[in-house]
Structure formats: C-alpha cells, structure tokens
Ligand SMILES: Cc1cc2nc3c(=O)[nH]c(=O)nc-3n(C[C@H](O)[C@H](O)[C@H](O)COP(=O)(O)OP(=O)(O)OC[C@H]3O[C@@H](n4cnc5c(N)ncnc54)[C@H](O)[C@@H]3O)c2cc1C
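Single chain ahead, by itself, as structure tokens, in the form predicted alone.
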C-alpha cells in the first residue's frame, strides 16, 4: 500500500476546503471498510483521505419524527447502530432482517450508511432496501444542498451522480402505515457473502390484493434497479400463480442481467422469476 495523508476536519466547511473536485486521488472516507480493501488491492491509490468521523450534527444520529411518519438517519451512522436501534426494529424491521446476513459484526461496527451508498457497489445489501422504502438522500456541497431519491445516486457500476466535493449528509426514510417490506438475498456461497441476486420488496396489501408496491433488483444488475414493468403487472392485482408468473417474466424482460462468478445471466433470470413470486407470497403470509 502506498503512502497517503489522512485528515479529520471538525466542520463541514473545513471538509469542503480539504476536498478537491478535480483530483480523484482526494476523496472522503466514512467507515472505510470497502475503500481500504480497494487500497490493499492497489485498485485505488489515494493521496489524501478526508475522514468524516468528527462531523456530527446532521451527519450523526437516528431520529424519528414526532408523528412517527419517518426517520432522519445521519450518514455516519454505523450499521450496528441501525441494527440495534429499538425504533428502527419497530418501524423498519426489514433493516434488522437485512443485517442478519450483511457481512459480519466487525464490518457492521464500522461501515457507515452514507459511505455504503457513495461506494455504489451493486452487490451491497442495504441500497436496494433504501430504494424500496422510498428513502431520500440529503447531499451537501460547497454550492449548497439538494435532496434526491436514493436511486438517483447510482449511475452504474461504482458510478454515482455525486460530485467529488459533495457528501451525503443524511437520509430521510418514510414510515408508511400499512406497508410491509422484506429483502431477499440469494447467494451461492456463505450467507454473508455477496449475493448472486438481491431483491427488495415493499408493498401495501389488502388481503391478497396488492394496492401498491416497490420492487428493486440488485447484484444481478449494475445498480439497484426499480422493476417498473413487474410493478405494473402486480399493482392492483390479486396474488395468484398466473399473476406472479407474469410479473416474473416482466421483470426478466425489463432488465439486463449480467453473468459473473456467482452465476450466469440465465441462472439469475431463473432466480428472479422464482424469488419474486416467493417474496410476494411471503409478504401476503405476514398479513394473515
């Protein structure tokens, strides 16, 4: 590993001064769990890392609105903080469920919510869950701030819409009354390994009728991807074998699934058909 400088600004203004939008060898670091692996492999050779660990205020903490309508989650919140938050477990149980097979406790103790999103690896478990929940990211930079849907962060494999001097400050996550969500992680190796396919589903059901839903595919594609055509098949429909088969076929037809070391495109297409149907049935079973 080559030498580099690491700095720890104590204010947002200082952080912006230390970042350089024109120099890719200067970048912010949150928990650093993914970035350090890239550095050890000599894939990335930084000259300066700007640590965000001393930034508090909006970058830290988990807060729920007084009326219970949503959460504010600071970007430097660790996965362990999410995992063990009683409020998150009560109102967004899909987060706690996802943590059961997300890496290991050492990673969860360090990895941060904002850094995980900014890394933009399509195999990550939490990004599709945030998209399925309808979360929005507050992005700050020297030119001001903007609030965008989480899915708007991702532009491709390790590619984001963030400028080099922009930072994710916090997430806004709605709590939708009457909605349930789950995350399906399909891996051909150990349960905590990268998935061959990830599928996040959030839905509002009335008996076995789907009033509304959000379907998000990850791992098998180059970024977390809403399955709009499959959603259209299911929205307003009664859950049944024919409807689920049609939704599975629509999902396969609308996505460009990629082959890799975890399976061929054809294999992952089969996984998508099977697990989409199972996920919808699992949500319906929770309502019984």
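By rigid core we mean the largest C-alpha set that fits within 1.5 Å across both forms. Numbering follows the first chain given and starts at 1. As the structure is a computational prediction, the values presented were derived from the model and not from experiment.
Separately, the form predicted together with this ligand exists; it is not shown, and the next lines address it.
Of the candidate stretches 204 to 212, 89 to 97, 110 to 118, 129 to 137, only 110 to 118 contains residues with a heavy atom within 4.5 Å of this ligand in the model of the complex.
Listed residues 180, 125, 83, 151 were compared with this ligand in the model of the complex; 125 is the one with a heavy atom within 4.5 Å. Interface residue among 221, 62, 250, 35, judged by heavy atoms within 4.5 Å of this ligand in the model of the complex: 35. The candidate spot formed by 188, 244 and 263 is out of contact with this ligand in the model of the complex: none of the three has a heavy atom within 4.5 Å. When contacts are judged by a 4.5 Å heavy atom cut-off, residue 168 counts as touching this ligand in the model of the complex. This ligand in the model of the complex is approached by residue 52, whose closest heavy atom lies within 4.5 angstroms of it. Contact check for residue 175: every heavy atom lies farther than 4.5 Å from this ligand in the model of the complex. With a 4.5 Å cutoff on heavy atoms, residue 102 counts as touching this ligand in the model of the complex.
Of all the residues from 71 to 86, those having a non-hydrogen atom no more than 4.5 Å from this ligand in the model of the complex are 75, 79. Once you line up the core between the shown form and the other one, the Cα of residue 190 ends up 2 Å or more from where it was.
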